[in-house]
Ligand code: ADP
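As structure tokens, one chain now follows by itself in the form predicted on its own.
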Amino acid sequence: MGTEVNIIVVGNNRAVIRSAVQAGFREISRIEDIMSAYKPNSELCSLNKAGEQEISRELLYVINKARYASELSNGAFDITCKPLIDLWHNARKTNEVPDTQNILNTLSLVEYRNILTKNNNVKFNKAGMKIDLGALAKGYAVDMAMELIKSYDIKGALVDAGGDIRAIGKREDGKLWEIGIKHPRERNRIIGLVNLENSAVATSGDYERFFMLNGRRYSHIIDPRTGYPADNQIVSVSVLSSNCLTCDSLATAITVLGEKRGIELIEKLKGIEALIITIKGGNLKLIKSSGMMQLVLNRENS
């Protein structure tokens, strides 16, 4: 999945712990084989090539979750933006910004409503459409790995796939899992802490995956409404929820929506909180949803 995965399991039996960890990694690998947009033999790649086929219930489940996130965000989240992702990926390689007409032509392929489903059959309503589950698959893989790990006789566990984190139970010392939220501009600095207990957090930001063109910083997150990388002063979004799939998709959606509409969306959703970090004139600003104010400890001066 293009990232590092860490699994921690707490328990009394070393053999059980080892089995739980191995099961978690196997599950993440299994999900990658289904949902990777870059492994040629994955089920998703097969669908992208064919444009129509019968798919597994798991892949259909995640596609439907993606469409729900698209509806929630009024199109700020859209898994059909893979042609745009590919266009900007090529721009990164050639060190040249795509021309306006090329972006407009590619943008015509982006529309989540053109994903047609009937039973387990999925069809793209326009030739050239492709989907990318990069903003959901990691979260779903973390959730599925944790569901397997939970079935073992353990006391606690944490699964972390590149900042998509879900935890159950407690740490070995009996305390809650304490997760650091990275400072988006200072690599080795933590700007906040959040405690997890049977919950998840995912962070989306422009500090891990970005590229520079002509002295300008471009986010890896594409705005499916404009065809350009998201550009609204947001540098980091952390979402807290009961599962990682929800956190993953909403963190991306909010990055595109912007701070005002992003917080408005979160405040409408039960059991979900967010921390948005923006930058203007070199100064960071932290915007927290109402419930996140009690959950996050600031460390700006640490």
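Values in this document were obtained by computation on a predicted structure and should not be read as measured data. In case it trips you up, residue 1 is the first one in the sequence shown, and so on.
The following text describes the form predicted in complex with the named molecule, which does not appear among the structures shown.
Between 42-50, 56-64, 270-278, 248-256, the stretch whose residues reach within 4.5 angstroms of the named molecule in the predicted complex through a non-hydrogen atom is 248-256. Among residues of the shown chain, Ile79 is one whose heavy atoms approach the named molecule to within 4.5 Å in the predicted complex. The named molecule is not shown here, and in the predicted complex it never comes within 4.5 Å of any heavy atom of Thr106. When contacts are judged by a 4.5 Å heavy atom cut-off, Ile222 counts as touching the named molecule in the predicted complex.
Using a 4.5 angstroms threshold between heavy atoms, Arg166 stays clear of the named molecule in the predicted complex.
With the partner omitted from this view, the residue of Ala135, Met144, Val194, Ile154 that lies near the named molecule in the predicted complex is Ala135 [heavy atom within 4.5 Å]. Contact with the named molecule in the predicted complex, defined as a heavy atom within 4.5 Å, holds for exactly one of Ile85, Ile115, Leu158, Ile179, namely Ile85.
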